[in-house]
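Listed next as structure tokens: two forms of one protein chain, kept apart as structure 1 and structure 2.
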Structure 1
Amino acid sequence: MKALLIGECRGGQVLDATWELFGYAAQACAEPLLFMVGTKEAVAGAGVRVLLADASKQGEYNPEAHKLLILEAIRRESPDQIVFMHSSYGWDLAPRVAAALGVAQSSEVIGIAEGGFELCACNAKMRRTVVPTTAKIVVTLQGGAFQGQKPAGSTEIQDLDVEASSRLEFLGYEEPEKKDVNLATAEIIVSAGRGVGKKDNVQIIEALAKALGGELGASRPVVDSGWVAQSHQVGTTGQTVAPKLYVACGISGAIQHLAGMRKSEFILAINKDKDAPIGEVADVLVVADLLQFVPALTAKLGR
């Protein structure tokens, strides 16, 4: 079995997640082949055969051109699987490739199952086993589901090029606003999730953070609703944190949140749902209404 692994390059650097594709290929017993739109320097020590398209010509993100490049790579190599990370690059590009080939795509795969794949469903509360029925398949992998594994063979770079126009005009990257809080170095973080119910209740979480001498964190919906500033957001599109103590109040435990805090030393979760997926990473899950439990904990700590 042969797998075409679609690597990612940003700002001239290979993204670390690219090596997770190789962890998957090893588990799937597939012969790996790396595709990347990048630079020779970036893939110089890749340790594997690379089909390289020039990022200075094709752009680091240009889905219409990248799709054609990948189709050209598939034409040359006839891989059985085309594998992406389930990242902003991968979830955008994979369906375009799958549609062009008329083949099945399995999204955000967390494991390999008999004849198919394990996927999450219903905000990570359920699991689904999906079996593609087409010969070729497109797959995207959940970040962190497969161990990163750098290939140790010899690097062989083969150039790939197509003439592609694009209907999308790329206007450039925009960095996130400067953070007024650096959660990355905080020892204690107490985070508010949508379970707090309304903006006024955020102060209950802030009070606990203060009593513990920690910083306030938040899940994305709390930020999107304007209850807490974006600089406090934890997760894939916020900050990645690893405090000594992380307290998750009313946070369900979606993968995008977990990705930002699962390396915390000790995780305390407060949730009224005993089956909330946050329980998978929590050292302690307190099953309670946070509106009652959190103020009581704060009061006791204050004494």
Structure 2
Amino acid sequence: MKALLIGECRGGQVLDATWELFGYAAQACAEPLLFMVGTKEAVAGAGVRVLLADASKQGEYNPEAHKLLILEAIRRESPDQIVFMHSSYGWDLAPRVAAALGVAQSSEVIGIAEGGFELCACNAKMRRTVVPTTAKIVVTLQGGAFQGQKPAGSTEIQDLDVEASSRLEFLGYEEPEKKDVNLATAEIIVSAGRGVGKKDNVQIIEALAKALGGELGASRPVVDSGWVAQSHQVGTTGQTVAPKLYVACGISGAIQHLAGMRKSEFILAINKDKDAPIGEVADVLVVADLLQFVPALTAKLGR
């Protein structure tokens, strides 16, 4: 089986998420081939065969032009799978490619199952298996679901080009606003999840963070509910963190959140559900009512 891996380049640099595609290919026992719109300097150490389109001509992002480039790569190589990250680049391009090919697409894949793929369901509380009905398949991978794995072989670069007119022009990137807290540098983070119940209870989690000398974090549902500012969000749509201690309070463990904190040195999870997915990555899982346990722990630390 051959997998065409659609890498991403930004500002002349290959994004680290690109190597997660190779982690997937290894698990799928697929022969990897990398497609990239970038520069030869950026992919010089890719360690694999690369179909490279010139970013100075095609733009680092142009969905109309990049779709045609990917279709040309597919025509040349006839891969069984076309694999994207489930990023802004991937979720824009993948359905365009799948529709052009008339093949199935599986989005936000978190694992490989017998004959198919594992996907999250019911707000990541459950998992389901889907089996494609077409011989060729377009796939997008949830960030953090597969371990990054950079190839160690030799790099072979093959130029790829198509002549295409586009109604779009790539102008550049707009930098996000500076955050009022930089969780990426914090050594201790205590995060509030949906399990805190209501906005007023966030102060219980914040008190524990202060007692530990750490920062307050939060899961996306807490931020979306307006209980905590977005600058405190941990996960694929927030900040990626790797503190010495990460305390997850009432966080079930959706893959989007796990991807943002699983590199923490030590993970303590507090959850009343002993089967919550967070337990799969936690070093210690405390099965308790956090509204009782957290204040007791904070009081103990204050003595």
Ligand SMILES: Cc1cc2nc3c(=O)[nH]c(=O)nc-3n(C[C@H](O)[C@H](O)[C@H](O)COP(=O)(O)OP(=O)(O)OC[C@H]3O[C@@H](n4cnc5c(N)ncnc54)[C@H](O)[C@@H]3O)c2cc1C
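By convention here, residues take numbers in order along the sequence of structure 1, the first being 1. Here the structure is a predicted model, which is why all the values come from computation and not from measurement. C-alpha atoms forming the largest set that superposes within 1.5 Å between two forms make up the rigid core.
Here the chain coming from the form predicted on its own is structure 2, while structure 1 comes from the other form. Comparing the forms between structures 1 and 2 on their rigid core, the Cα displacement of V14 stays under 2 Å. In this overlay on the rigid core, A100 has a C-alpha that sits less than 2 Å away from its partner position between structures 1 and 2. Comparing the forms between structures 1 and 2 on their rigid core, the Cα displacement of D80 stays under 2 Å. If you overlay the core, the Cα of T240 moves by 3.4 Å between structures 1 and 2.
Shown is the Cα shift of E280 between structures 1 and 2 after rigid core superposition, which amounts to 6.7 Å.
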